[in-house]
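Presented below, as structure tokens, is a lone chain in the form predicted alone.
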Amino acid sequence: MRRDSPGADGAALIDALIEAVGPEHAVTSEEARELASQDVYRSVEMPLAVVSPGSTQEVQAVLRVCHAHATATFVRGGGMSYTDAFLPDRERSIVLDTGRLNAVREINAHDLYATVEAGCTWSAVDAELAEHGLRSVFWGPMSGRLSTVGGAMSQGAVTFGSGRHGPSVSAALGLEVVLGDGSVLVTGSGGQPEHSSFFREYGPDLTGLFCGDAGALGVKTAVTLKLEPRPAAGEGLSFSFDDFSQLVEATRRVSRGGLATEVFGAETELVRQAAGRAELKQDARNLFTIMRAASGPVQALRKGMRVVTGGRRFLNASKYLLNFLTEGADAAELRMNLRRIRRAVGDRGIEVANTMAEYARAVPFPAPMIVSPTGRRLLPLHAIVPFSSAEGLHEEYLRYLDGIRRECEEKSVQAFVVYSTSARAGFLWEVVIYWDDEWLSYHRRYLPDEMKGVASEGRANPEGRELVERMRMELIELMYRHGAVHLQIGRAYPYARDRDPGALELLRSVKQQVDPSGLINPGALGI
């Protein structure tokens, strides 16, 4: 959406923002504003400016300016959302980009915590912690090259560490948050003088209150993470399944025992399509990466031989693939965990070459998947359900998909299921919709170098786009019927619908207290 002039009051706002952060960090070019109005899925209103504060004090100044000028502030981290999490819904707004808040303030290796600024990427934090032999108990989503710590605390994320600890917020010991009037609060034990930030559960859990808030309750500027020693040994196992209920039961048994640090899988057809265009040279590069990540020459040779022997044959049969990553303090503990996983899976699945699992261990933060390997647009929609509900959810989805299959074929739309876990009780089920369409400027800007020359932009497909939007709404309803909960709530998932009135009223009262003008991420959470 193009705008010729911000008007006199808009000009005064921008002048004040420039004074707060400097002219190079309050950008009003159409290119920057257009990019800030888009996420992985779509484009909405363009903000008046994109503002990048470099300190907590500058965040305070920006929010005070916006408060004085009645301007909404939408907070952007790595930009990997697909739920309108940071997209402006009105012209009179700015996007506050946290990318310059990227300092690691403290690493306390003795007491196992680290305080990092909200704009730090998970990959950068993990690399710095690795130098101390440590990591966060949740150490990032697969999109960790771009995804930020603050974004994951606001929106929620899973992957590395989630098999044992749950989603990203499980790693938060404390937060530094700037409220709507520009004041700062600190949660956790670090919120008292001369107290370190090592403990979260001292009194009411105010850290938890600001976690998973979709950014609606304030701007997170720093996060204190719970750390653990990096394990000495790790390995992955992969299994194929023809029956989804058997996959769910195998996953439940492994999760119940806390055996896997990470669990992830997908329909075999999706993996086959993603791998189909790779060349032998790429396979060799991946093999080298896996071997290089092994803990010693013998283990490297063993892993390399297993991958070479298995190759891609694991893609030739079965309907579903599932990977378990596990670790141990030493090789003996690792072997025990591998045996226990195999026993838990039993004859429900067939063990196959662990190519995918070992690659995920070797390259935990691959190129972010903002389009398919061939360049198709994509939209993920996820649900977290108890294991007892997973099969019913999947069966209704298959019936739904059968009902629109012909329309999908006509409009170049495909859908595949992927899955993961959150701690011992949550089964994460996700539909990824792919369709042929032109890209947004977001996709052109963030297309990884590895995909340039391989992924190609499609032609405009408004009919396919319309079908995807209808599927989005219908699938969210399907998930709701099965009692699903969600991460990355943004403005897409129905958090507030039919919620206990007392709880919802309390949340709205908190929102009024911390953001009395309702200008921070308005509309998020549906409140």
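Position 1 is the first residue in the sequence shown; the rest follow in order. These numbers come from a predicted model, not from an experiment.
One more form of this protein, predicted together with a small molecule, exists but is not displayed; see below.
The small molecule is not drawn, but in the predicted complex it has a heavy atom within 4.5 Å of residue 76. At a distance threshold of 4.5 angstroms between non-hydrogen atoms, residue 362 is out of contact with the small molecule in the predicted complex. At a distance threshold of 4.5 angstroms between non-hydrogen atoms, residue 37 is out of contact with the small molecule in the predicted complex. Residue contact with the small molecule in the predicted complex: residue 215 places a heavy atom within 4.5 Å of it. 142 is the sole member of 129, 263, 250, 142 with a non-hydrogen atom lying within 4.5 angstroms of the small molecule in the predicted complex. Checking 180, 161, 88, 150 against the small molecule in the predicted complex, a heavy atom within 4.5 Å turns up for just one residue: 150. From the list 191-199, 106-114, 207-215, 393-401, the contact stretch for the small molecule in the predicted complex under a 4.5 Å heavy atom rule is 207-215.
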